[in-house]
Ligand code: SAH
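In the form predicted alone, a lone chain appears below as structure tokens.
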């Protein structure tokens, strides 16, 4: 038997909650949302019933509550439903729909067909059955829209903290020559590999390796990338920023997201002190996107 947690979440909490659940070793999660109501989302998580009696489930909720307090928000009360073994693995699939992004992109759950009304779009096939999402989070959408607005035609792209690999898949769909990806989570490496396969991409086009910025610099073999994608939390971006020059060439462009608008001033100050020119590029709700150049 399985417990399915249903928890309504505000958009600004989505990434933090997914990160926390993944950090706790809970990887059977998804975000339920409809493209026409992007601000109405429900976090779904599936837990083995024998490991999660009532007291443990209560503790889990208490562990998540401080994440909401960070944003001066309050978590809704969770709903727990009991599922038979044969139901859990398919129950989350019904919640996913084709998701248009910007003017040209379509995030498509791998088991669905392209709707006729979106036949003109570039299709990014994704398996949303991981802790890393498919592009519904505002920070990911900001990056996707920025890629669409300035397509990386012929560029060599570095993806630092690739998660599901959706940004790398999109970059290649928009004309990038090659994407080199890293993530510190082995599940992200697997998710990116699987999603690259779904999109018919070879390892030469999109490669992914376990590691952080040092590994990415090694993969680039002394030739920093033309475009750096970094959609991770602001404190992590700040910690990694002294090494950005090893992965982004002079004259190249970096897209940094995963940050709150209120975190942008401090991050901008840190980046400028390292010699980067920083420009706020876009905002969506409380989330922001920075562009860096040198």
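The structure presented is a predicted model; accordingly, all values stated were derived computationally and were not measured. Numbering follows the first chain given and starts at 1.
Heads up, the form predicted together with the named molecule isn't pictured, but that's what we're talking about next.
For residue 205, no non-hydrogen atom is located within 4.5 Å of the named molecule in the predicted bound form, even though that partner is not displayed. Under a 4.5 angstroms non-hydrogen atom cutoff, the named molecule in the predicted bound form has residue 236 among its neighbouring residues. Heavy atoms of residue 188 reach within 4.5 Å of the named molecule in the predicted bound form, making it an interface residue. Taking the partner from the other structure, the named molecule in the predicted bound form has a heavy atom within 4.5 Å of a heavy atom of residue 160. With the partner omitted here, the residue from 44, 228, 267, 232 that has a non-hydrogen atom within 4.5 angstroms of the named molecule in the predicted bound form is 232. Among the residues 105, 167, 176, 108, the one placing a heavy atom within 4.5 Å of the named molecule in the predicted bound form is 167. Heavy atoms within 4.5 Å of the named molecule in the predicted bound form belong, among the stretches 108-116, 76-84, 207-215, 220-228, to residues of 207-215.
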